[in-house]
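Read the single chain below, which is given as structure tokens and is the form predicted alone.
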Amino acid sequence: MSINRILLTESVNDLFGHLGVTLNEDSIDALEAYYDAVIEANKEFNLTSITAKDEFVVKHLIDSIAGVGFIPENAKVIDVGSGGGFPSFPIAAVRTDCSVTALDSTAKKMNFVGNTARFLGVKNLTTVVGRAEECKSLFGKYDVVTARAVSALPILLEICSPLIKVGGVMLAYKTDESELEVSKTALEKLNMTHKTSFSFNLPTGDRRSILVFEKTAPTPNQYPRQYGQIKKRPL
């Protein structure tokens, strides 16, 4: 099987070229091989409902690559709720200068992502099995945290912000900016600030936004709470 390489490269150039995002042949080869691996593994357990080539390119690959332009050079990145490896694998394949950690509570998925990355020679991607709010040994270790299709923004901020170094950023992959208004309290209590947003349309016409937040001071000691509390009473 082969992904639509022209759709991938032209879309990335058109949508993200002004952010300095480019694809080389090695990156495209890795992304193509990852598609094949996902489709094969999907026969055994559920990684994605999106299996058609062009839809996979648009909704998994292009969408995942959207945040790459906001990641500093040589950054240490963690992707929370990585699932089948999105956006962690595309980020690692495109930004080989960065070290990327995929974090998810489902061991089977993380085993697939880690083993596939090693098999394909994507050496800058590692995996951790766990829940972000419980991985205290990882708190304050990362320059960038990413999260795509995980949860509502106030919940996401409390789960993700402890992982970031002061001065680091969180990239929330969202449909639009509509959740910013209900996240003001969370931002204030967690010492996070909305830095910028990048909104664009996928080739399908679907709307997307990358919301960029900066951590301005250490996370207060009372956060993050246990997930049940976070979900029941979002900040």
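A quick note: this is a predicted structure, and the numbers were derived from the prediction, not measured. Numbering starts at 1 and runs along the sequence shown.
Keep in mind that the form predicted in complex with S-adenosylmethionine (SAM) is not shown, yet the notes after this line are about it.
Q: Does the trio Asp143, Met170 and Arg208 actually contact S-adenosylmethionine (SAM) in the predicted complex, every residue with a heavy atom within 4.5 Å?
A: Negative, none of the three is within 4.5 Å.
Q: Is it the case that Pro162, even though its partner is missing from this view, gets within 4.5 Å of S-adenosylmethionine (SAM) in the predicted complex, heavy atoms only?
A: Close contact is absent here: in the predicted complex, Pro162 is far from S-adenosylmethionine (SAM), nothing within 4.5 Å, heavy atoms only.
Q: Any of the heavy atoms of Lys174 lying within 4.5 Å of S-adenosylmethionine (SAM) in the predicted complex?
A: No, Lys174 is distant from the partner.
Q: Although the partner isn't part of this model, could you tell me whether Asp104 comes within 4.5 Å of S-adenosylmethionine (SAM) in the predicted complex, counting any heavy atom of the residue?
A: Yes, contact at 4.5 Å.
Q: Is Gly130 close enough to touch S-adenosylmethionine (SAM) in the predicted complex, meaning at least one heavy atom pair within 4.5 Å?
A: Gly130: contacts S-adenosylmethionine (SAM) in the predicted complex.
Q: Sort through 130-138, 116-124, 89-97, 67-75 and report the only stretch with a non-hydrogen atom within 4.5 Å of S-adenosylmethionine (SAM) in the predicted complex.
A: In short, 130-138.
Q: Does any residue in 141-161 get within 4.5 Å of S-adenosylmethionine (SAM) in the predicted complex, counting heavy atoms only, and if so which ones?
A: Residues within 4.5 Å: Arg148, Ala149, Val150, Ile159.
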